[in-house]
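As a starting point, one isolated chain is supplied in structure tokens, in the form predicted alone.
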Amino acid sequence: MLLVSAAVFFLLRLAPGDPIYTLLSLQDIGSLSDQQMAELHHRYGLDQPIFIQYLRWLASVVGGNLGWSIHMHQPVAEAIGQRLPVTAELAALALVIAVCAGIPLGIVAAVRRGTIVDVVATALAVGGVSAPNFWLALLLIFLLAFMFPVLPPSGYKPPGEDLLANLRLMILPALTLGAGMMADVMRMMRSSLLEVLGRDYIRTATAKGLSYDQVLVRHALKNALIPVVTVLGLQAGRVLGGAFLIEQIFAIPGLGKLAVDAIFNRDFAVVQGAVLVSSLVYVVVNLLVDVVYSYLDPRIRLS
């Protein structure tokens, strides 16, 4: 997270333009004297050397202060806190779609290896991995919102106001974001289960007289899930990164849209805060994945 904070801070400063200009109209800029512009730069700490700016910002972050948005005129932590639940809901729905569709498809493809079911499932997985998110989003909008108008094309309504309307609006972006993850989960589930089904202990369990379903559920599936959990943990970063684009396309007021708007407005503090929070979520999710390993594999827990 320290490396991420440094990278995003210094790379933003390489972009051309002055953040103060986003606060002022062209008429205001022309009417301000050099001294007044210098005072504005001093007010927001932009007149300090870049390394001093970074250290001051880092110290405030450690103290729980992510800075002040010069465009929205509110604390960055408050702006992120308002929008993070929206992105969390989108990410959770996408992960549910990926897990509920990817794992069963992977199991079926592995159990029926070489059949038409395996071929179709593998083709779907390849298509899901290959299709860019923005193209898939436009395709789903065209098919399900215009050609067959069963879902609204964009917008957002908080679940507290109208849960049904919220779910209707979130289905398309969640499907778009979850399609690529579903494909990765399905491919990993299939390959991992095929590898486990060839292990000696599976043959031993079968030789003891256990049914195929018992061997699959009690012995094979749990061990095959370990690589799948790894993929799901890594997908957390993909969910947040993909949400930046998906939220922009579907006009969802989440963390991704906040960051994109802040980039266009050169609101450095908001971009830095959004990226830092995203990296924190990624680190926490990967820590939880390590904890889940110990549940799935007793050897890790006992060691």
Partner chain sequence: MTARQLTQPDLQRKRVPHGTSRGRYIQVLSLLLLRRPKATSSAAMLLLVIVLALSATGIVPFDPVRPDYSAVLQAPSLRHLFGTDELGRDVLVRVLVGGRISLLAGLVPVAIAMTIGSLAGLVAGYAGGRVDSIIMRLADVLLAFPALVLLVAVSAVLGPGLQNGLLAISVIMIPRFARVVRGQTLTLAHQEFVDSARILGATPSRIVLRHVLPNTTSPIIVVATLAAAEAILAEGSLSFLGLGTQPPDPSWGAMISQGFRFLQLAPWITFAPGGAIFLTVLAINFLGDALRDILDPTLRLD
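The shown structure was predicted, so the numbers you read here are calculated from the model rather than taken from an experiment. Residue numbers count along the first chain shown, from 1.
FYI, the form predicted together with the partner chain isn't displayed, but the following is about it.
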{"query": "Answer range among 222 to 230, 93 to 101, 171 to 179, 185 to 193 for contact with the partner chain, defined in the model of the complex as heavy atoms within 4.5 Å", "finding": "185 to 193"}
{"query": "4.5 angstroms heavy atom contact with the partner chain in the model of the complex for Leu66", "finding": "no"}
{"query": "Contact test in the model of the complex: Ala269 vs the partner chain, heavy atoms, 4.5 Å", "finding": "no"}
{"query": "Partner contact for Phe51 in the model of the complex: the partner chain, 4.5 angstroms, heavy atom", "finding": "no"}
{"query": "Any non-hydrogen atom of Pro132 within 4.5 angstroms of the partner chain in the model of the complex", "finding": "yes"}
{"query": "Heavy atom within 4.5 Å of the partner chain in the model of the complex - the one residue of Val117, Leu139, Val150, Val217 that qualifies", "finding": "Leu139"}
{"query": "The partner chain in the model of the complex: contacted by all of Leu3, Val126 and Ile263, heavy atom 4.5 Å", "finding": "yes"}
{"query": "Contact set, 103 to 124 vs the partner chain in the model of the complex - heavy atom within 4.5 angstroms", "finding": "Arg113"}
